[in-house]
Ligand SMILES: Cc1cc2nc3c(=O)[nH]c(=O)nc-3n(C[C@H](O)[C@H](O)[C@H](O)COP(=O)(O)OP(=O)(O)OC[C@H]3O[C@@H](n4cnc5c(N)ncnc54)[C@H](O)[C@@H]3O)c2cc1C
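Before any questions on binding or motion, here is one chain by itself as structure tokens, the form predicted on its own.
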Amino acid sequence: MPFTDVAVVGGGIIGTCIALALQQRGHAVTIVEPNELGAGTAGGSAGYLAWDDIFPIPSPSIVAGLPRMLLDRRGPLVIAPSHLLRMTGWGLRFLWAARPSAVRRAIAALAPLNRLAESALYDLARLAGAERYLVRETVLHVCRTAKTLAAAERLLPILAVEGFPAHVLDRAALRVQEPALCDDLAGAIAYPGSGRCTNPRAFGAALAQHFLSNGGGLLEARAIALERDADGWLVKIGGEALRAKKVVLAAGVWSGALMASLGYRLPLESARGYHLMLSNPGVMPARTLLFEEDHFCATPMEDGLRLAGTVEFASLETPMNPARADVLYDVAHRYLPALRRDSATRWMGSRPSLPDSLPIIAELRRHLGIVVAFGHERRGLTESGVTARCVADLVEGRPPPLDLRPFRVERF
């Protein structure tokens, strides 16, 4: 039976960064992952490094707009009909998390995490020689109406207090910054402290290759259960197992089943994200553009322009719905009239979603020796480095660099 110091269950961007951080500290680490290392859902993400994304999804304004969004089958959020009943409990928790007091607590939790996110991710990128994939830039949140722009502007004082300054661009200034945009826009919010990953899949692969080249272990299989062992833990893989002193569970949406094997029942759902990759878009913005009303991004990348951002709640077994990717072009074309769809390719991935929009980053109190890190939703790539730093401290019994109590398992 193979043995390792630390088993990291899950080899997406979160698990790969954790394994790399632990390896850098001298631990013998084995990743348990059936698919390509470093890729996962983040590999198909918008690539938006939103250090300033400190606002949870549940909020009074989102709740007010839910009926309209859910009735629009081409809108930014849909729930598969077969999944509606299962979403009932999750939905009630979402509504509870949208209370103003809960939103304030969520912001107070996310802000310290994201203040450390940029430096932590760049540290790992430098370690792996992957800095070339990370770009610092001013991202524009584009608003079609004056009402949307005013609502976005009201968030600026909160961002400033938390250390994320941003400012308003009027219609004329926006046209100067991005002349490819259509004329009928109210303006934008400029976030100068943001960034983008120009090839998320290649970035994750570079981190993974550095890990493997420096002696990191890989077990190409899907873990099905975690069991206590005399000297630590067993990661069960079919009829076999990997023995480990400690285990880090970072398997994204697949973490729910493994937590259930330990007796935890968590409201972890599959929020499926889609992208449409345009290799010959006809127009290329100078930076990442986020379109506020339609909740999606257009991100310049090495191999074209990526349109991403739609959310679909459905089971892991539900086939991909190509229309969810195709609608991104229809919406983007309204903002970028010269956009072309030549050689477009579709992608879908399942993001791990918790109803309060906060990840779980914690050592399990009832199962000492297991640290969990999942539920980052759309911020997985953004928060991967700082999550790795926190998890490495938890594994070593050191104080993490921020208060992790808001991210504990016991909140559910």
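On a predicted model such as this, the values are computed, not experimentally measured, just so you know. Residues carry their position along the shown sequence, with the first being 1.
Only in words, not in the display: the form predicted together with the named molecule, which the text now covers.
Trainee: Using a 4.5 Å heavy atom cut-off, are 4, 242 and 369 all in contact with the named molecule in the model of the complex?
Mentor: Result no, not one residue of the spot touches the named molecule.
Trainee: Any of the heavy atoms of residue 377 lying within 4.5 Å of the named molecule in the model of the complex?
Mentor: Residue-level check for residue 377: yes, a contact with the named molecule.
Trainee: Is the gap between residue 168 and the named molecule in the model of the complex 4.5 Å or less for some heavy atom pair?
Mentor: So residue 168 does not count as contacting the named molecule.
Trainee: With a cut-off of 4.5 Å between heavy atoms, is residue 352 one of the residues that contacts the named molecule in the model of the complex?
Mentor: Residue-level check for residue 352: yes, a contact with the named molecule.
Trainee: Can residue 223 be called a contact residue for the named molecule in the model of the complex at 4.5 Å between heavy atoms?
Mentor: The answer is yes: residue 223 has a heavy atom within 4.5 Å of the named molecule.
Trainee: Using a 4.5 Å heavy atom cut-off, which residue among 281, 309, 187, 216 comes into contact with the named molecule in the model of the complex?
Mentor: Only one option qualifies, and that one is 309.
Trainee: Can you tell me which of 250 to 258, 136 to 144, 173 to 181, 98 to 106 lies within 4.5 Å of the named molecule in the model of the complex, counting heavy atoms only?
Mentor: Of the options given, it is 250 to 258.
Trainee: Using a 4.5 Å cut-off on any heavy atom, which residues of 40 to 55 would contact the named molecule in the model of the complex?
Mentor: The stretch touches the partner through 40, 41, 42, 45, 46, 47, 48.
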